[in-house]
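First, one chain by itself in structure tokens, the form predicted on its own.
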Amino acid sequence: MVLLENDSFLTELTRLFQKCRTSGSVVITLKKYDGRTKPVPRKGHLESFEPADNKCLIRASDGKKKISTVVSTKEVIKFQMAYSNLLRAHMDGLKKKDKKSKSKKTKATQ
């Protein structure tokens, strides 16, 4: 997994969306990140760890390529605006669900 800066993450995410436009999917996950790189110690070995500030870890994958970034609280507004514009631009390929009409259901039950 490649940890990128916020701007380069958005450009790579755009490339992932363009590559998977016709077929395939992009999986995006968001998670709170406290800066730990090691697992939490067990009960016997208590270690005091206080994160300096809250951060968010964002990961994206198309099954083959994985990218990630860490967004700090200072950069959240700027990143969120750019991220939402990117999602709006690339979410046009979604398929609509087929809605079954109510009249068919009511006729079938009668």
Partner chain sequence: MPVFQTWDEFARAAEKLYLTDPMKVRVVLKYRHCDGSLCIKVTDNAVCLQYKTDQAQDVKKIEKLHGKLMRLMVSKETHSGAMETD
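Residue numbers count along the first chain shown, from 1. On a predicted model such as this, the values are computed, not experimentally measured, just so you know.
The same protein also has a form predicted in complex with its partner chain, omitted here; what follows describes it.
- Looking at C56, you'd find a heavy atom of it within 4.5 angstroms of its partner chain in the model of the complex.
- Remark: V71 counts among the residues lining its partner chain in the model of the complex, judged by a heavy atom distance of 4.5 Å or less.
- In the model of the complex, none of the heavy atoms of K43 sits within 4.5 Å of a heavy atom of its partner chain.
- For R15, no non-hydrogen atom is located within 4.5 Å of its partner chain in the model of the complex, even though that partner is not displayed.
- The partner is not shown here, but in the model of the complex the stretch 1-28 reaches within 4.5 angstroms of its partner chain through a heavy atom at F17, C20, R21, T22, S23, G24, S25, V26, V27, I28.
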